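As a starting point, one isolated chain is supplied in structure tokens, in the form predicted alone.
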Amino acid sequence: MNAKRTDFLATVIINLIVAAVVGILVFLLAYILISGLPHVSWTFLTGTTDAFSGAGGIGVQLFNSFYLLVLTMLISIPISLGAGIYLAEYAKDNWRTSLIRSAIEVLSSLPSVVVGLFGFLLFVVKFKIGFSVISGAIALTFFNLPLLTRNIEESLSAVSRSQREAGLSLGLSKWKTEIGIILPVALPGIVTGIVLSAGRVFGEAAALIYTAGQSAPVTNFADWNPMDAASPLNPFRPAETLAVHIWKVNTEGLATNAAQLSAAASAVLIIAVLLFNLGARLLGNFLYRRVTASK
């Protein structure tokens, strides 16, 4: 077999593999959306769920998902940013740095259910916080930290060394160079990673079953005092998220239309995750054009 025929055969095989992967993805998305979207309505998106049968809308679960996502990102972004800057700019190439990177790799490979059980034993049982939004947010922070840290480190490391040398040659300190020059250049990649990780957190279920709980108590959306028990902003109340709700309806739902409810909620979840991914790409491209002054 000559080189041209080998190259042609390899190209065909690669294209077939790519087409198969894309086809499976399109089939799954089409199946979920076609099955679920006909059952989605404004009442479904804003209504409340019956605690016993699981019937009704997903308004509370949808709010819980976004609220828990915001709390998780507020906790994990500053920690990941500091860790990423340290590993990319200040950490020496020694056994300590290798140990930190190995720990990050191990933490990122843990199954989410293991993270959830850890959060259950530590926050729910040991610290007696109970099933709550804050327990779920902290558990998801452990789940999210390795990915964000690695993304920020790689984004900073990808910046040209000449940028650092230019800042230092102007008399700036290393920290001023990092904040004023390196970080803005790396910002498109960092923001893209943050938005993608937010989409992953939004769709997480296993870790939240053991930490945030499987119930959605009635909340008063007219009460925005986070200290009140009925307030939606209370971080110490149980909070069933949309992903957990889908699992619960499929496994324990007693409603006669449980399959339709699950399909509709799955379609909403898929659309939200797709919007996160599309937003990450658009926002990353926009920031890249702003930083590089390109069209």
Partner chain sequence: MEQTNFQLKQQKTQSNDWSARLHHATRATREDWLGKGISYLCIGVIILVVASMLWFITSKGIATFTQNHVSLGKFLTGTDWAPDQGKIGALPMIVGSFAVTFAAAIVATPFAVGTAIFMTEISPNKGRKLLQPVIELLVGIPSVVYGFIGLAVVVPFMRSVVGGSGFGIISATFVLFVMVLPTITSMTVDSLRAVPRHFKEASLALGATRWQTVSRVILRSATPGILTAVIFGMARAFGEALAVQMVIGNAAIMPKNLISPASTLTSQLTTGIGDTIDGTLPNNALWSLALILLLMSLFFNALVRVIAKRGQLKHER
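Numbering follows the first chain given and starts at 1. Note that the structure is a prediction, hence the values are computed from the model and not measured. Note that the rigid core is defined as the largest set of C-alphas that superpose within 1.5 Å between two forms.
A second form of this protein, the form predicted together with the partner chain, is not displayed here; the remarks below concern that form.
Enquirer: So which stretch, 256-264, 41-49, 230-238, 63-71, is the one near the partner chain in the model of the complex (non-hydrogen atoms, 4.5 Å)?
Expert: Stretch with heavy atoms near the partner: 256-264.
Enquirer: At the 4.5 Å heavy atom threshold, is V115 in contact with the partner chain in the model of the complex?
Expert: Within the cut-off, so yes.
Enquirer: Consider I79 of the chain shown here, and say whether it contacts the partner chain in the model of the complex, taking contact as heavy atoms within 4.5 Å.
Expert: Taking the distances in the model of the complex, the answer for I79 is yes, it comes within 4.5 Å of the partner chain.
Enquirer: Using heavy atoms and a 4.5 Å limit, would one call L28 a contact residue for the partner chain in the model of the complex?
Expert: Within the cut-off, so yes.
Enquirer: So in the model of the complex, is the partner chain close enough to A83 to count as touching (4.5 Å, heavy atoms)?
Expert: A83: yes, in contact with the partner chain in the model of the complex.
Enquirer: Can you work out which of N225, S157, S109, S215 has a heavy atom no more than 4.5 Å from the partner chain in the model of the complex?
Expert: Looking at the other structure, the residue within range turns out to be S109.
Enquirer: Just give me the single entry in A198, I190, V133, I209 that has a non-hydrogen atom within 4.5 angstroms of the partner chain in the model of the complex.
Expert: Exactly one residue meets the criterion: I209.
Enquirer: Taking the rigid core as reference, does the Cα of L170 move 2 Å or more between this form and the one not shown?
Expert: Shift of 2 Å or more: yes.
Enquirer: Please state whether T11 has a C-alpha shift of 2 Å or more between this form and the one not shown, with the rigid core used for the fit.
Expert: Passes the 2 Å threshold, so yes.
Enquirer: With both forms fit on the core, is the shift of the CA atom of V21 between this form and the one not shown 2 Å or larger?
Expert: Comparing the forms between this form and the one not shown, which are aligned on their rigid core, V21 does shift its C-alpha by 2 Å or more.
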